[in-house]
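Heads up, the chain shows up twice below as structure tokens, two forms, tagged structure 1 and structure 2.
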Structure 1
């Protein structure tokens, strides 16, 4: 696996990690080396040049590199992965561990494609549960930061007539397209289109992304949510997300669900 590697002074590790998250990282590995530096590794874009472009200009004390990492140690977890029930009639399963479930249960098969997520993280479970409950027949849905595509697929299975999925990472788009095909879903349109360039409005907008990204995108998240629609934000801490809600005013929170210290909040436009 080709990885981006940022080598930074220890005092800059958190700032460097934030830069990688903003560039589209889904997981960041932090390694302290013998020289007293911190090495931060993640998978970003399909080429080294595009990864560097996503990260942007760096301080003089930071060093950007690219390394090839053996996939084998990173995949041993797969034997321990199991299906996750996110609703009474919805299960998200590893693509290599599909099972038999009760009649009437919908199973979504997911190949995480590296570090894009299986659906077992609390934020994904919360967002998937909300999507399954909220999406109605003929709805248009937008999945912002689609990752492996699990939320887009859940929305399609819930009855949406159109699902648009966007992410800054090329690998996320590839994973979303691959998983949509795996689940026989043909209405998901996946691309790296920035949310600022997404046109139209949507009945349900799903944003399972970190709080700083939600704040940065707040104006566009409000814009793309239809007047009678709902915005679902996840990826936020249960005890520290008021600043995110403040950024989304005049939209109002109408429902909050909490799981393992994380929150998902549903917001609607004021009537």
Structure 2
């Protein structure tokens, strides 16, 4: 299996691992090498170029490479994946490990394939919890950076009238279409349409993407959020996201939830 290898100074190992988790890593192996660096390895996208794109720009002291390793350790995470409860009545489960739940609990089954969004990452949990609470019947919802489609499917299950999902990665679109079918949700339209070309406005916009990407698309995120609508951003660090909120002004933060060092912020247009 082809893996990404990020070589960083030991002091940056935790930050670099966070970057890989946010880019879609399912398991991160840390190896201290003889030169005093830490090598972080994980499987990400189907090509080296896509993996690099998901990780984004790196500090000058980090080095990104790609290595071929045995398949087995790279896929053992599947054994350890488990259903995750994101609300009292909502569970996200690996498609190969569905749970037994009370009637009244909605279960979303996800096969991430080569994409991000199994439900167990704090940023997905935060965004899924917000989507479940915020999406009302008849809403139009946009999921930007849909990955596996998990948030789009949660929105559809919450009663959305129409759900549009976009991602830069072809693998994410394939996974979203596949997972929508798996969950018997027929209203998800998924494509690689860049957010700059998405037309219309949406009652709920969900964007679980790393901070630099949110900043880069901030004008479009404001544009696609309806006047009375809500934008949920996740994928940002709890202690370092003021610059992201600044980029979204004049939208105003109305609620912030924190989990394991990550934040999800809901923003609305000023009245």
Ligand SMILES: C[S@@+](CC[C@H](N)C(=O)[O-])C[C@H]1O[C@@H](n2cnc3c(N)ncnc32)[C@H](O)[C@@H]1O
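Source: prediction; values computed, not measured. Heads up, when I say rigid core I mean the largest set of C-alphas that superpose within 1.5 Å between the two forms. Numbering follows the first chain given and starts at 1.
Q: Please match the form predicted together with this ligand to structure 1 or structure 2.
A: Pick structure 2; the other is not the form predicted together with this ligand.
Q: If the two forms are fitted on the core, does residue 222 show a Cα displacement reaching 2 angstroms between the two structures?
A: Residue 222: C-alpha displaced by less than 2 Å between the two structures.
Q: How about residue 254 - superposed on the rigid core, does its CA move between the two structures by 2 Å or more?
A: No, the C-alpha position differs by under 2 Å between the two structures.
Q: Using a rigid core alignment, state whether the CA of residue 59 is displaced by 2 Å or more between the two structures.
A: After core superposition, the displacement of the residue 59 C-alpha between the two structures reaches the 2 Å mark, so yes.
Q: Would you look up how far the C-alpha of residue 45 moves between the two structures when the rigid core is overlaid, in angstrom?
A: Looking at the C-alpha of residue 45 between the two structures, the offset is 7.6 Å.
Q: After superposing on the rigid core, how much does the Cα of residue 13 shift between the two structures, in Å?
A: Its C-alpha moves by 12.6 Å once the cores are overlaid.
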